[in-house]
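Take a look at this single chain, the form predicted on its own, given in structure tokens.
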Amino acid sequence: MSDINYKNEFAQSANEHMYIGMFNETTMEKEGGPLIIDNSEGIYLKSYENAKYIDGISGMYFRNVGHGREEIAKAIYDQLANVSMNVYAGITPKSVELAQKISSLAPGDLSKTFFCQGGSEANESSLKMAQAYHVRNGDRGRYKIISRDGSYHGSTYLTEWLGGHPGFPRTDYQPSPQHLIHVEQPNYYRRKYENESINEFTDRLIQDIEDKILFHGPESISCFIGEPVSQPLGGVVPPSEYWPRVKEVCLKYGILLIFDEVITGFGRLGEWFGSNVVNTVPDILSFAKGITSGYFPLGGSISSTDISKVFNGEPSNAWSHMYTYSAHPGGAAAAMKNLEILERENLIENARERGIQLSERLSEIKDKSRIIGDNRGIGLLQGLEIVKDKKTKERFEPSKYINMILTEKLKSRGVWIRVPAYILPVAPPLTSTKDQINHICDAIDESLMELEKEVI
């Protein structure tokens, strides 16, 4: 069977028998079907048509150590061939080893981990842990959650309503939970008042958080959840004083701080955790993605000692929460080998260095482009905001399909980045070289110049 027929057969079968996340058959058919990957190695993907692409967003912000790591696959196989699954109230040595390792890497006194299968479950678990903590302390009325517009925390019914990802509308899922409080994202580029200094901007955001806490009643609020650096909007790095001051407000009113480090954890920002970048230690930290570089579904929530100790003592004190595949030994084996690679190959330092290079190149692209309003991010979590007018910051109408056109232009230049809405994300594997970063940036530069001629 020819490659073309093989691809067509798989594309048609996928359209008939699979829900492809966030897309339907019509969209896939217009684009020639989903990308069918035949092989992957390093930061490259190869399709069944033998086309080769740089993976510009690390799969889905998770392939930190790159593709084709046979030693991770072997570690999973060896573990599953020995012990393939936990039993009820039982654990495996590899999972214990991983929990101890994470504790040694995590900031502050974060020391005890609950394992699950992915990021959505990790954040769901963290939220439940926070509320259960308050119940154990006699504060049963603390159930409200503060989150931020423009953040993304998952796709379960609760987590999807936290924040507001532009590519994940929630209009199908009603009613919205009534115990959520939304505050502004610390995105200085999109500040409400153009003449506002960055210090005034930070003051206003912190004051708004405290005002909302007082309005709703501190005694009703369980936690504040946010990413140290937010991905949906291209890597929003908050003002340096933002997170330390949020933590102060939380401490003042007995509110737990949860960091969603599903994307920012395990090296992507040039540090082990985003917490290190923003100089703030949360009470609970959610993780997934980079812990195994996507080689096995694994996530988790790690808490401080102050939190974990309230679940000790009487059997009724135990945290009433679990999943069937929690602490899966295959995932633990993948994670341990993945962390070994990150350390052995000094990939976190590489992410920091390549991040500086990427930031400089994206800044140059923004300055000369007529349709890029801002570049932002840190490490290998960065992005460009696409605008119709740089002065007014007006965006293109969705009907112009600027994102889809840009996706195809990048693809034709050997870079696979599916551009969502009005943000062009750039988040390649941590193994990326200087030349590969330049390749990505050259492709972006050329694609934008070509696009400008067509739309302006």
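Residue positions are given as counts along the sequence shown, with the first one as 1. In this text, all values refer to a predicted model and were calculated from it rather than measured experimentally.
Form predicted together with a small molecule: not shown, discussed below.
Practice problem: Could you tell me which one of Arg376, His328, Arg148, Lys289 places a heavy atom within 4.5 Å of the small molecule in the predicted bound form? | Solution: By the 4.5 Å criterion, the partner-contacting residue is Lys289.
Quiz item: Though the small molecule is not shown, can you say which of Ser95, Asn338, Asn123, Ser222 has a heavy atom within 4.5 Å of it in the predicted bound form?
Solution: After the contact test, the surviving option is Asn123.
Quiz item: For this chain shown on its own, do Gly270, Leu380 and Pro429 all sit within 4.5 Å of the small molecule in the predicted bound form, going by heavy atoms?
Solution: Heavy-atom distance to the small molecule in the predicted bound form: none of the three under 4.5 Å.
Exercise. Please check if Gly119 has a heavy atom lying within 4.5 Å of any heavy atom of the small molecule in the predicted bound form.
Key: Contact check for Gly119: yes, within 4.5 Å of the small molecule in the predicted bound form.
Quiz item: Given that the partner is absent here, does Tyr152 sit within 4.5 Å of the small molecule in the predicted bound form, heavy atoms only?
Solution: Output for Tyr152 is yes: heavy atoms within 4.5 Å of the small molecule.
Quiz item: in the predicted bound form, does Asp283 have a heavy atom within 4.5 Å of the small molecule?
Solution: Asp283: no, not in contact with the small molecule in the predicted bound form.
Quiz item: Heavy atoms within 4.5 Å of the small molecule in the predicted bound form: does Met60 have any?
Solution: It does: once the small molecule is placed as it appears in the predicted bound form, Met60 has a heavy atom within 4.5 Å of it.
Practice problem: Can you check 81-89, 260-268, 316-324, 96-104 and let me know which stretch has heavy atoms within 4.5 Å of the small molecule in the predicted bound form? | Solution: Of the options, only 260-268 has residues within 4.5 Å of the partner.
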